[in-house]
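Next up: a single chain in structure tokens, the form predicted alone.
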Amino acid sequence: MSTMTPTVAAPDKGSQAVLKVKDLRVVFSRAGAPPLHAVNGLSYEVRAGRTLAIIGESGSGKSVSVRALMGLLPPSANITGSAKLFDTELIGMNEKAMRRIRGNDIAMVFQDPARSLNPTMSVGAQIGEAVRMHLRIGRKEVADRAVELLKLVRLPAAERRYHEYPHQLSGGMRQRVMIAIALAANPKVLIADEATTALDVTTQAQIMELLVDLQDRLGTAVVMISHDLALAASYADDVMVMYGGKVVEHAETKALFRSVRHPYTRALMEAIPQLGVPSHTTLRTISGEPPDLSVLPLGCAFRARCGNASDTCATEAPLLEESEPGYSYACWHPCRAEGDTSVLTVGASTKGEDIL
């Protein structure tokens, strides 16, 4: 029987919450400087077979939040709150126990495979190392599993690539190897941390299509970290927008892109190049800088960059509240929802229907 057959049948899409995060906070202590409040009260759920995209600029807390779940932050990080993988609490788990979870049940694909892969080891040896770490099988079975994983991620000539080294592969091929390593033990949650940022647009689409296909086959819950709203529009079931370490908007993808409410999400959309716009047109940018998280802002963290800000925004931080079932945003002066047709127009979503 194939070694790639999951030991547990993949659950129906959306049937259960695989990962439940509640009030996650990460504060970094710094010698001679105020503590840095990187993540400030993050809560969400990811269900089997669904993809959550966490979107935001650099410094918004996206990557820090998922690395906290996997125990990949330095000792200077003080992590509080809850993150449950099914019924297992991840926050506060000791490193020995976390090593059994990491890779087996929750795995990560990093941004730059050129840095993540060992240039002195063959592709097969590196995948085999991950397989041996998580599965108790013999040497022959390890090699067979490694080749099978390479085939699973659609790497051409898998048997030959098994013996090659990272420098002999293209960027897209190396990222497929990273995905194969992450899937070594059929994890229940796969985190893709800017996994396609270093790739060209065509290869990026191929990798995302691969992840969608694997998710459909294995029932994996996916958390996609990205700054690219267009990517989220095409491949995510749900979108969560972060700013200043907090969630400012969270909804199902179709609902969010049809009716953006938070000015920051709107600004991110307007900064995306659009088809049909003359090539010489200047791209819109978000003026100003993200907030200094060494001092938590008294009011709304986005107010200094927002054209809708009022005196209230400077003194009271808006709460993340549901405007309708499944749609939450935190803003005193949200963008107009009814009849709004100026949001990002994207093509057919791989996840199903057209966004617009």
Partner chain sequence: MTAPTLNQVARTGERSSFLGRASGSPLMRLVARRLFVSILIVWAISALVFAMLAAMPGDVARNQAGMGASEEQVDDLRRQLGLDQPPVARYFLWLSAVFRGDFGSSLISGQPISTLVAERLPVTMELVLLAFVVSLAIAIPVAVLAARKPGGIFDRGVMVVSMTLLAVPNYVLALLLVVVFAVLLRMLPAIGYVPLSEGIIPNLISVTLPVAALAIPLAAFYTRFLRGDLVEVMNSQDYVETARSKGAGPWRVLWQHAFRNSSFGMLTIVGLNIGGLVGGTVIIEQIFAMPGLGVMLLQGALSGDSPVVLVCVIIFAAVAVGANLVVDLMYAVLDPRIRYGSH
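These figures come from a predicted structure and were not determined experimentally. Numbering follows the first chain given and starts at 1.
One more form of this protein should be noted, the form predicted together with its partner chain, which is absent from this view; the next part is about it.
Trainee: Give a yes or no on whether each residue among 145, 211 and 214 has a heavy atom within 4.5 Å of its partner chain in the model of the complex.
Mentor: No, none of 145, 211 and 214 comes within 4.5 Å of its partner chain in the model of the complex.
Trainee: Indicate whether its partner chain has at least one heavy atom within 4.5 Å of a heavy atom of residue 252 in the model of the complex.
Mentor: Taking the distances in the model of the complex, the answer for residue 252 is no, it never comes within 4.5 Å of its partner chain.
Trainee: Does its partner chain get within 4.5 angstroms of any non-hydrogen atom of residue 270 in the model of the complex?
Mentor: Result no; residue 270 lies far from its partner chain in the model of the complex.
Trainee: So, residue 71 and its partner chain: in the model of the complex, are they within 4.5 Å at any heavy atom pair?
Mentor: Heavy-atom contact with its partner chain at 4.5 Å: present for residue 71.
Trainee: Find out whether any non-hydrogen atom of residue 102 is located within 4.5 angstroms of its partner chain in the model of the complex, and reply yes or no.
Mentor: The answer is yes: residue 102 has a heavy atom within 4.5 Å of its partner chain.
Trainee: Its partner chain isn't shown here, but in the model of the complex, which of 194-202, 108-116, 146-154, 233-241 has heavy atoms within 4.5 Å of it?
Mentor: After filtering at 4.5 Å, what remains is 108-116.
Trainee: Which residue, 158, 286, 93, 133, has a heavy atom that falls within 4.5 Å of its partner chain in the model of the complex?
Mentor: Of the candidates 158, 286, 93, 133, 133 is the one lying within 4.5 Å of its partner chain in the model of the complex.
Trainee: Here the chain is shown alone; which of 120, 88, 274, 76 has a heavy atom within 4.5 Å of its partner chain in the model of the complex?
Mentor: By the 4.5 Å criterion, the partner-contacting residue is 120.
Trainee: Going by heavy atoms, what in 162-200 lies within 4.5 angstroms of its partner chain in the model of the complex?
Mentor: Sequence-ordered list: 165, 167, 168, 178, 181.
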